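Taking the form predicted on its own, here's one chain by itself in structure tokens.
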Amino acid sequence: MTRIQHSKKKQSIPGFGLTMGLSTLYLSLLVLIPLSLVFIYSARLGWTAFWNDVTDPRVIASYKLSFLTAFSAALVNLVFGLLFAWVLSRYTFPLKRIVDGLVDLPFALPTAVAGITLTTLYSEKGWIGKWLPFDVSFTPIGITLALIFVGLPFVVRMVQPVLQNFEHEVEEASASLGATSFQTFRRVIFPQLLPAALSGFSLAFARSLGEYGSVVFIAGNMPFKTEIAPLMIMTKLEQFDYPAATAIAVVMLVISFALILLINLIQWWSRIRYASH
């Protein structure tokens, strides 16, 4: 009787059919159709031309640089993003709200402004660069630095809610059973943080792979040294070589999807593994 009454209740929002249809339409217009056109354009090349374009030594060098710097930046953000989230969630200090707001600055700041600013600061005669024993601007280090800047908020904002909602009674129970602070963190807190941290890592990694505005200024865009894959795509577009540009984009898309899928599988595995303990 209760089930019948529940099914007859009017819902305040549209039902599954309408919402699913609108969601599918929205996803198709913004994601599926544009991505399918990338594959369609690249298919016009033919296999031989496609292979020649995507295996050009200059393009291969840009692939390596893009994935290496994106992974390095995401790894750095994973460590320091956890640290930032821990400080913002566990401690109270002066100007905490301002510091918390500054974490979101890369979301609001135009990427070109960030690139110009970092290039100025870390150039050979910049305020920070002149004190360093190595070059930052116009090197892969500079590219990684720019990607760290744009990717940091993803890890912080994914981990911070988990820490804020974590029950302190669990930590107290662990301490009462004789566990040290490190053991409590490793066995109690870290398993809860791992899925959110991996999600933040994957978001930062994906964001870094497609970043162009902040990188193009600090990279220097030297062939075989500091050219990233998005820059190669822009170069092909400026030359009106649309099939070659889409061919490079297809390779980036496939590899990126495979890597993110792998990260999500690891995240899924970690949830199952630690949920069973």
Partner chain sequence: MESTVQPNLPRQAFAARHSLKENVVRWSLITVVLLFFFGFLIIPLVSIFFEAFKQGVSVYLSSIVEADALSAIRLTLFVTLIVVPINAVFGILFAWVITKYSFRGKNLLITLIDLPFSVSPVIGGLIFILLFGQHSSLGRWLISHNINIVFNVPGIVLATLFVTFPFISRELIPLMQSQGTVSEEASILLGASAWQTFIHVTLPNIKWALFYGIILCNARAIGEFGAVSVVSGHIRGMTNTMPLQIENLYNEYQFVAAFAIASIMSLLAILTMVIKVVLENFIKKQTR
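Model, not experiment: these values are computed from the prediction. Residue numbers count along the first chain shown, from 1. We call the rigid core the largest set of C-alpha positions that still match within 1.5 Å between the two forms.
Quick note: we don't show the form predicted together with the partner chain, though the next part is all about it.
Engineer: Hey, in the model of the complex, is Ile189 touching the partner chain, heavy atoms inside 4.5 Å?
Structural biologist: Answer no; every heavy atom of Ile189 is more than 4.5 Å from the partner chain in the model of the complex.
Engineer: How about His168 - does it come within 4.5 Å of the partner chain in the model of the complex, if we only consider non-hydrogen atoms?
Structural biologist: Looking in the model of the complex, residue contacts with the partner chain do not include His168, since no heavy atom lies within 4.5 Å.
Engineer: If we define contact as a non-hydrogen atom of the residue within 4.5 angstroms of the partner, is Gly101 a contact of the partner chain in the model of the complex?
Structural biologist: Yes, Gly101 lies within 4.5 Å of the partner chain in the model of the complex.
Engineer: With a cut-off of 4.5 Å between heavy atoms, is Leu95 one of the residues that contacts the partner chain in the model of the complex?
Structural biologist: Heavy-atom contact with the partner chain at 4.5 Å: present for Leu95.
Engineer: Taking Leu22, Ser181 and Val216 as a possible spot, do all three reach the partner chain in the model of the complex with a heavy atom inside 4.5 Å?
Structural biologist: Checked in the model of the complex: all three residues contact the partner chain.
Engineer: Considering Leu75, Ala173, Leu83, Leu132, which brings a non-hydrogen atom within 4.5 Å of the partner chain in the model of the complex?
Structural biologist: Comparing distances to the partner chain in the model of the complex, the residue within 4.5 Å is Leu83.
Engineer: Just give me the single entry in Ile60, Met234, Ala43, Ala49 that has a non-hydrogen atom within 4.5 angstroms of the partner chain in the model of the complex.
Structural biologist: Exactly one listed residue reaches within 4.5 Å, namely Met234.
Engineer: Within 229-256, which residues have a heavy atom closer than or equal to 4.5 Å from the partner chain in the model of the complex?
Structural biologist: The stretch touches the partner through Pro230, Ile233, Met234, Leu237, Tyr242, Ala245, Thr246, Ala249, Met252, Leu253, Ser256.
Engineer: Taking the rigid core as the frame, does Ser28 move its C-alpha by 2 Å or more between the shown form and the other one?
Structural biologist: After core superposition, the C-alpha of Ser28 moves 2 Å or more between the shown form and the other one.
Engineer: With a shift of at least 3 angstroms, figure out whether the C-alpha spacing between Phe107 and Leu262 grows or shrinks in the model of the complex: closer or farther?
Structural biologist: Result: closer.
Engineer: Would one find the Cα atoms of Gln267 and Leu68 closer or farther in the model of the complex than in this form, where their distance changes by 3 Å or more?
Structural biologist: Relative to this form, farther apart in the model of the complex.
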